[in-house]
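Presented as structure tokens, the chain that follows is alone, the form predicted on its own.
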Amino acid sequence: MEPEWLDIGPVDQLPALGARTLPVQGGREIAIFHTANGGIYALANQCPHKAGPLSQGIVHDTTVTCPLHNWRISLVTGEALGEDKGCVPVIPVKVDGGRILISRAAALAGVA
């Protein structure tokens, strides 16, 4: 039986206010974010506006700013903030023993 969670590596390899990408064979690339307060979040790595690479955006608190057109996306809900409309799939994440785990089903489906 497949495990429910995928171990994608240690938290300390993801710098605060940084992001890394995780390719998914047959699915959408995932962006993993580390906030200043230690939160770990994962989203599909595509802005809902023009599919900009969110992993290359700037992380602020629990939002990321898309590098293409400055849309702000919530890392918690995946929703575009302010006047912008759209949503990015959120991938459930948990940290266990200093390791980042993501939902296998959501990662493979590309949606939560």
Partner chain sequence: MTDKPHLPLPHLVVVGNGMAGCRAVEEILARDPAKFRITIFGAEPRVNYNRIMLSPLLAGDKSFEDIVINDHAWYTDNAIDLVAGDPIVAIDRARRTVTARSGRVETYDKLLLATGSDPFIIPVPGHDLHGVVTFRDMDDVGAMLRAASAGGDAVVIGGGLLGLEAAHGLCLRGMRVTVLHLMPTLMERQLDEAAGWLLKEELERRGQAILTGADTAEIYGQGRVEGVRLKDGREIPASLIVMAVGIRPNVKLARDAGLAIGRGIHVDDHLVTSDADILAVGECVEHQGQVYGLVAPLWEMCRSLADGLVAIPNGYSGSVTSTKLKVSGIDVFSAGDFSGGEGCEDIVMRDASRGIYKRVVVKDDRLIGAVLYGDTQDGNWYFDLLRKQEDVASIRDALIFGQAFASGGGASANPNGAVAAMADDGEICGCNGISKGKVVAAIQGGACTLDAVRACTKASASCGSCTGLVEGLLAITMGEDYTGERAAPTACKCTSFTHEDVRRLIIEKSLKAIPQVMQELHWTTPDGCASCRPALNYYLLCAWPGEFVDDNQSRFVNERMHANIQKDGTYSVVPRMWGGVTNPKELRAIADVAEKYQARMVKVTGGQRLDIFGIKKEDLPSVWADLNAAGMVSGHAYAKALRTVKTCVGSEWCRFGTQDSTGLGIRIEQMTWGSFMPHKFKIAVSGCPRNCAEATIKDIGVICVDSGYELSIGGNGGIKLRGTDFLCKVATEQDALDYCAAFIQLYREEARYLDRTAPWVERVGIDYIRQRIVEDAAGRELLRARFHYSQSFMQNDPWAKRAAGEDWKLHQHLAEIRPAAALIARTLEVA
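Positions refer to the first chain, counted from 1. Keep in mind the model is a prediction, meaning the values are calculated, not measured.
Unshown form predicted together with its partner chain; subsequent notes refer to it.
Engineer: Please determine whether I32 contacts its partner chain in the model of the complex, using a 4.5 Å cut-off between heavy atoms.
Structural biologist: Contact with its partner chain, yes.
Engineer: Answer for H60 alone: is it within 4.5 Å of its partner chain in the model of the complex, judged on heavy atom distances?
Structural biologist: Yes - in the model of the complex, heavy atoms of H60 and its partner chain come within 4.5 Å of each other.
Engineer: Though only this chain appears here, would C87 touch its partner chain in the model of the complex if you measure heavy atom gaps against 4.5 Å?
Structural biologist: No, C87 stays farther than 4.5 Å from its partner chain in the model of the complex.
Engineer: With a 4.5 Å heavy atom cut-off, would you call P67 a contact of its partner chain in the model of the complex?
Structural biologist: Yes.
Engineer: Within 4.5 Å of its partner chain in the model of the complex, which residues of 9-24 have a heavy atom? Give them in sequence order, or say none.
Structural biologist: Counting only heavy atoms within 4.5 Å of its partner chain in the model of the complex, the contacting residues of 9-24 are G9, P10, V11, D12, Q13, P15, A16, L17, G18, R20, T21, L22, P23, V24.
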